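Only one chain is shown below, in structure tokens, and it's the form predicted alone.
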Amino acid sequence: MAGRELTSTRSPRVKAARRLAKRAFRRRERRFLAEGPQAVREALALDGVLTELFTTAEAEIRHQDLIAQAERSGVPTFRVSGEVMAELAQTVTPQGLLAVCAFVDVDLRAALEPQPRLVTVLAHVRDPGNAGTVLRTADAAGSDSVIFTDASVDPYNGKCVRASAGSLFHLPVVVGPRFDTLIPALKESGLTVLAADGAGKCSLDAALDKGTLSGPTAWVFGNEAWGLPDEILDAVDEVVRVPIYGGAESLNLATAAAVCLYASARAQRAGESS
């Protein structure tokens, strides 16, 4: 099964992988860590993305198929001790499989060239768990791409990768565009740009009723605590609020994103079938 065994946390290979927990090293090397069998499985489905695999002896037994697939693909695979895995992993209870992967993001032009129908934009989103959950939700709702603006969290942050549950490997992800150039690019691609904000004059119900969501749409979601800045709200085509029918003060970011994205997905599919 796994090749050479690594038992020291001082191993150069282990130290090189551990450095990828820091954003500066990820950017420099354009590599990141993906932990757990789901992430490993999805990374293996993409040619050349998984570059190294670390596994414990216990995980070798539980996930023989994944390790065999990695070895057939020519991925260097290393058995490590529990101490080494604890050093590499970013979770309290490691699952025993950890991959080093190449970045998978694409540039904005490549993401918009296929004339997308649904695009998800994260602007000033700082919480990696929320960002990863929105990425997973966007994938489930059929979003054609997810865009992280320059002021948002790194999608290769370990918590974000885990929260995406493999969706990071499923759809085009764009990293780092400035909003002042992003909005014109979205509109030039034929997308109606909507911002989700609790202070929006248009409710999601009204947007559905007047057919706003049936065409190509880009949804912009903002910071968990303070929402979207005025310059973004002024630049989009419409600001839409999710109606609150009960006593809750608001919805959290991931829930609001799920409601909005699925509303668009349903409206678009209804339009295609009519």
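Values in this document were obtained by computation on a predicted structure and should not be read as measured data. One-based numbering along the sequence shown.
The following text describes the form predicted together with another copy of the chain, which does not appear among the structures shown.
Contact annotation: of the candidates V239, A57, L208, A235, the single residue with a non-hydrogen atom within 4.5 angstroms of another copy of the chain in the predicted complex is L208. Only one of A45, I61, A68, A248 lies close to another copy of the chain in the predicted complex, with a heavy atom inside 4.5 Å, and it is A248. Listed stretches are 49-57, 23-31, 36-44, 214-222; the contact stretch with another copy of the chain in the predicted complex is 36-44, by a heavy atom cutoff of 4.5 Å. Using a 4.5 Å heavy atom cutoff, N252, T255 and R269 all lie near another copy of the chain in the predicted complex. In the predicted complex, another copy of the chain lies farther than 4.5 Å from every heavy atom of G200. Not displayed here, another copy of the chain is kept clear of A86 by more than 4.5 Å at the level of heavy atoms in the predicted complex. When contacts are judged by a 4.5 Å heavy atom cut-off, A16 does not count as touching another copy of the chain in the predicted complex. Contact check for H170: a non-hydrogen atom falls within 4.5 Å of another copy of the chain in the predicted complex.
Along 121-136, a non-hydrogen atom within 4.5 Å of another copy of the chain in the predicted complex is carried by T133, R136, in order along the sequence.
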